[in-house]
Ligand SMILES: NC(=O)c1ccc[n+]([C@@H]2O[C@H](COP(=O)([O-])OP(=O)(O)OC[C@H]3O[C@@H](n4cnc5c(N)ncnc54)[C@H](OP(=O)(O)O)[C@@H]3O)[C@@H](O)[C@H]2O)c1
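For reference, the chain that follows is the form predicted on its own, supplied as structure tokens.
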Amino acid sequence: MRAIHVHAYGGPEALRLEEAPRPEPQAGEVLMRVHAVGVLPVEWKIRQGLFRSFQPVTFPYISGSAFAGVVKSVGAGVTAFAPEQAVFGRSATGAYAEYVTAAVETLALKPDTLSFDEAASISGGATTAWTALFDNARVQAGQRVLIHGAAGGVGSFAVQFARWKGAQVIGTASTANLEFVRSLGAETVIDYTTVPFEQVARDVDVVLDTLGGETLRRSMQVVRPGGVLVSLIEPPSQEEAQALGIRAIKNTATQPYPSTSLLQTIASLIAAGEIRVTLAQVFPLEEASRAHELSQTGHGRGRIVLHIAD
């Protein structure tokens, strides 16, 4: 099969299209023909070696994890899925490839109304937003929620989930994405290129930080006492959080990858028209380096996807 290998830490040019042996499903696993793969920001950070101190890799490795495809065979003991079913989910073995294996508990059936490209954007995009808002921040109807990077691969889902829950949503975005974020359901959209967000957002119940750094530090000042800040990027200062009387945490999941039930819940909301998927750009597998270059800019609407098969 064709796959994107990384042989050493480096820039986008480190992504190399090569031949690789097709994996075989082990007990409790499923083999899929991959149709599409979501490009997650964590992947270029791993490729550059930014996580080497706490998440080292063994070279060469195949990048990617969030995919959608069709079942080709199943391992011993698998009864939940059968050949030729369309599925989506996560793989721990690298998904920038024509075939991938995954554990059954990280897969769900793809609704017929979703394309493979759309389904590939759910795990790592929609699931991250869901975990941050509902498992960690415990967002409730009527709360005021500030979402940074509201047009991005996680932010665009977070705006819609918070609105679906009945929260009042404030989003930050660049000038080009203001109307797009409004269309997702944000009541207030702040152009971060012209207005400091703390001039508009004050005493909010929840902040979802998708940027880290200075944005995270400034965001702690706009959370009301008793409110919560969840960062996708880095652990917030607990000393400052205590001084402000707020809860500030790094987003955490109860398991490495989303469960079948969570994947199905989100897919059902999308299929019902409650939530919509936005794809920033779709690239063929051989242009994975271009996809990473775009991901590294930190701009765009929705999720970047590699389309591998029709």
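Quick note: we count residues from 1 along the sequence shown, nothing fancier. All figures in this text were calculated on a predicted structure; none of them were measured in a lab.
The discussion below concerns the form predicted together with the named molecule, not included here.
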- Note on the structure: With a 4.5 Å heavy atom cut-off to the named molecule in the model of the complex, the contacting stretch among 108 to 116, 226 to 234, 72 to 80, 95 to 103 is 226 to 234
- Tell me, yes or no, whether K250 is in contact with the named molecule in the model of the complex, where a contact means a heavy atom of each within 4.5 Å. yes
- 4.5 angstroms heavy atom contact with the named molecule in the model of the complex for G298: yes
- Taking heavy atoms only, is Q160 within 4.5 angstroms of the named molecule in the model of the complex? no
- Task: Considering only heavy atoms, tell me if R276 and the named molecule come within 4.5 Å of each other in the model of the complex.
- Result: no
- Query: Of the options V87, A151, I170, L133, which one has a non-hydrogen atom that comes within 4.5 Å of the named molecule in the model of the complex?
  - Reply: A151
- Task: Answer yes or no: in the model of the complex, does the named molecule come within 4.5 Å of a heavy atom in every one of T128, S174 and T210?
- Result: yes
- Message: Need the contact residues for 273 to 288: heavy atom within 4.5 Å of the named molecule in the model of the complex, sequence order, or none if there are none.
- Response: none
